[in-house]
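Consider the single chain below, provided in structure tokens and representing the form predicted alone.
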């Protein structure tokens, strides 16, 4: 495809401003005791992005790439199928760039998700289970794009730019933040929604440390990655969406880690109540997944993950209800003692690697 002309200055400035409030997030060293042992797990604090989720990174990157390739033009409608966070991100960024936005979303997602999307002037088409649920949402979004003119569809589940977004931002940030403190990751763990985070971060980390373990997380109640098809129901919104996305290459990843949704809810509750880290249920799942991997590698292993979003989108869900403790849950054995935040990467360098070279370890 031929490259489009350079962006007009006003649009270029909008992208520049958006880039300054998306990504470049702090890395948290979460300190805790687990069955009498002092531990640390590292988590990128993605809930402080523009709309409160890691999906802002992917949405910004895809839109920048689409403009550069001439796939989207001023005034085009953005249409996407989503379980929530991606829809919120495209609603926000799309409106900031002057685009109408239409979102197809399963109707059982949290009320807060729909309210946030509508609050930014986007349209929502709710899709029920009888209409195909999540797969139906994708089909209907594709049909909408096919019959309408001047439509851009990001296709997050199959768009390679989704992976590139994390390979070029999240992964390098994590690497250099750890490097600035003389740490090398032994493992990276993350839940799989589209798979962009686990694939992109994993590819970058392995380019620096081929021995690093890369583990996807899925709900134990719905082992879609493990079985290759939808199985069971779960309460961790945003991951395990009924199928294995095409951008997920399981042969490039290590063993899938299953996490019970009840344990994930309890961990998200404890992160908020004990540390003031107001994160969503998938953050609890990621932390437990990271803890399981650390148990396998050894208590001193440097294991990293992400806190994908904040808790504001889950206030009407089981996140605010009393969750019963079941046998095998890890959350009751975790006692948090605090966290330390690694600085963000400086904005003065074009390449993240230059930060430590030019400014020294204190730069990040």
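Positions refer to the first chain, counted from 1. The structure displayed is predicted, hence computed values, not measured ones.
Not pictured, yet referred to below: the form predicted together with a small molecule.
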| item | value |
| --- | --- |
| The small molecule contact in the model of the complex: residue 238, any heavy atom under 4.5 Å | yes |
| Contact label in the model of the complex: residue 44 to the small molecule, heavy atom within 4.5 Å | no |
| Heavy atom of residue 192 within 4.5 Å of the small molecule in the model of the complex | yes |
| Close approach of residue 294 to the small molecule in the model of the complex, 4.5 Å, heavy atom | no |
| Proximity to the small molecule in the model of the complex (heavy atom, within 4.5 Å), stretch among 90-98, 77-85, 115-123, 264-272 | 77-85 |
| Residues 55, 197 and 314 all lining the small molecule in the model of the complex, heavy atom within 4.5 Å | yes |
